[in-house]
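Just the one chain here, laid out as C-alpha cells, in the form predicted alone.
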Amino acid sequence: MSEAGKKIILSGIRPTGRLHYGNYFGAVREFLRLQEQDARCYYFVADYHALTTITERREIYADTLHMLRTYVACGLDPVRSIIYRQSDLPCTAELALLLGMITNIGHLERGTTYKDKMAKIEADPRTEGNPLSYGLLGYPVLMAADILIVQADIVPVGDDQRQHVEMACDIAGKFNARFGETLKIPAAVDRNALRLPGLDGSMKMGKSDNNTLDLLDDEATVLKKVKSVPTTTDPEPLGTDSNDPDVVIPKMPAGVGVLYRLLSLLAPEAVYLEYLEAYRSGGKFYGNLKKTVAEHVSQFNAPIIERFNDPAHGDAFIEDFLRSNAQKVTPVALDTVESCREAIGIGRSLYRA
C-alpha cells in the first residue's frame, strides 16, 4: 500500500523521563505491535499537556530526551514511526484556538480529569499542586487538536483517555456541522494495555507513588525492589483462575499478585505454572519466588540498558529524528489548519502562503 493510502494511527506520550514496567505493558508494547502494521504511526510527545500539572520549572526537555532514548532502546523505530514533539508543531495551538471557539464550557466541565481535580479541591481547598486552570479545563480541546491536525483514522487509547477521544469526535462533528466537512473524525479503539499493580501492592504502578520497576534498573536495584514487595497483606481478588498467564488466581495478597503478574509476563509458562502450584499448595517459597522474578526482570532489562547506553542513540540522535519527523508531519498539520481557517471564513494565512 502506498504511503498516501495507509491508515493513520495516532497516540500521545507524556514526557515522564524514566519509563517503568507499567509504561511498557500499558503503552510501549502496543506501540511496537502497531509499528509492524501496514499503517502510518504518529507518536507525539505531549509536552504542552505536561504543563497542566506544573507548579514550578521542570526539566521537561531533558525528560523528553531520556524517555525517547528508552523508547528507542525498547525497539520503537523513528523511521517506521513518526515521533515528534507537540511543541515542535506550533500550529497545533492555533487549531486548539479555533476549536475552542465552538466548544461549550459545560462540555469541558464534564471532563473526568477536570471533575476529579475539582472534587479534590472542594474536599480540601488546601490541596497541593496546580490550581484549576484554563489549561486543565481546556485539556480536551488541545487533545482534540492533537488528534485532528494529523487527520488520524485510528486513536488507540486506554480507558482513562477514551472520553477525551470521544470529546474530540464531538468537537470535530460540531465544526463540520457548522462550517462544512473539513475535519476527519477518527475511530477510538481500545489499546491492548495491561495495568500493572505497584510494587507496594497498590492498584497501579506509578512514578509519583515510588512503587515502580524501571526498564533501566540494574540487577542490584531490581533485586532490592523485588525483595521489598510485601507478601503478608490480606488477600484481595485480582482476577479469575484461568489458563491465561496474564491473570493471577483470586484471593491472592496484592503484593504476591504483583510478583505472579511479572512472572507470567517475563518467565516461561512452565516456571509460572510451577510457582502457581506452589502457591496453591502453601508452604514457604516467597524467597525463591522473588529471586526468580528478579532474575527474569534483569534479563528483560539487560538488552534495553545496552541499547540505551549505545553512543549512537544518544541525545543528538534523538534531536536529529525529532527535527526530521517534525518536518514530515508539518505539511499535513498546516493543511488541516489552513482548511479550518478557510472553512470558518478568516481565510488562509498570508504569511504561510
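All of these numbers come straight from a predicted model, not from anything done at the bench. Don't overthink the numbering: it's just position in the shown sequence, from 1.
Just so you know, the form predicted together with ligand TYM exists too; it's not on screen, but the next bit is about it.
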| query | finding |
| --- | --- |
| Heavy atom of Val297 within 4.5 Å of ligand TYM in the model of the complex | no |
| Contact of Asp217 with ligand TYM in the model of the complex (heavy atom, 4.5 Å) | no |
| Contact flag, Arg341 vs ligand TYM in the model of the complex, heavy atom cut 4.5 Å | no |
| Ile147: touches ligand TYM in the model of the complex, heavy atom cutoff 4.5 angstroms | yes |
| Selected contact from Lys207, Lys184, Arg178, Lys115, since only one has a non-hydrogen atom within 4.5 angstroms of ligand TYM in the model of the complex | Lys207 |
| Leu34, Ile305, Leu289, Ala46 - the one with a heavy atom within 4.5 Å of ligand TYM in the model of the complex | Ala46 |
| Residues Lys227, Thr231 and Pro253 all lining ligand TYM in the model of the complex, heavy atom within 4.5 Å | no |
| Option from 311 to 319, 56 to 64, 280 to 288, 24 to 32 whose residues, in the model of the complex, bring a heavy atom within 4.5 Å of ligand TYM | 24 to 32 |
| Members of 7 to 26 lying within 4.5 angstroms of ligand TYM, judged by heavy atom, in the model of the complex | Leu10, Ser11, Gly12, Ile13, Arg14, His20, Gly22, Asn23, Gly26 |
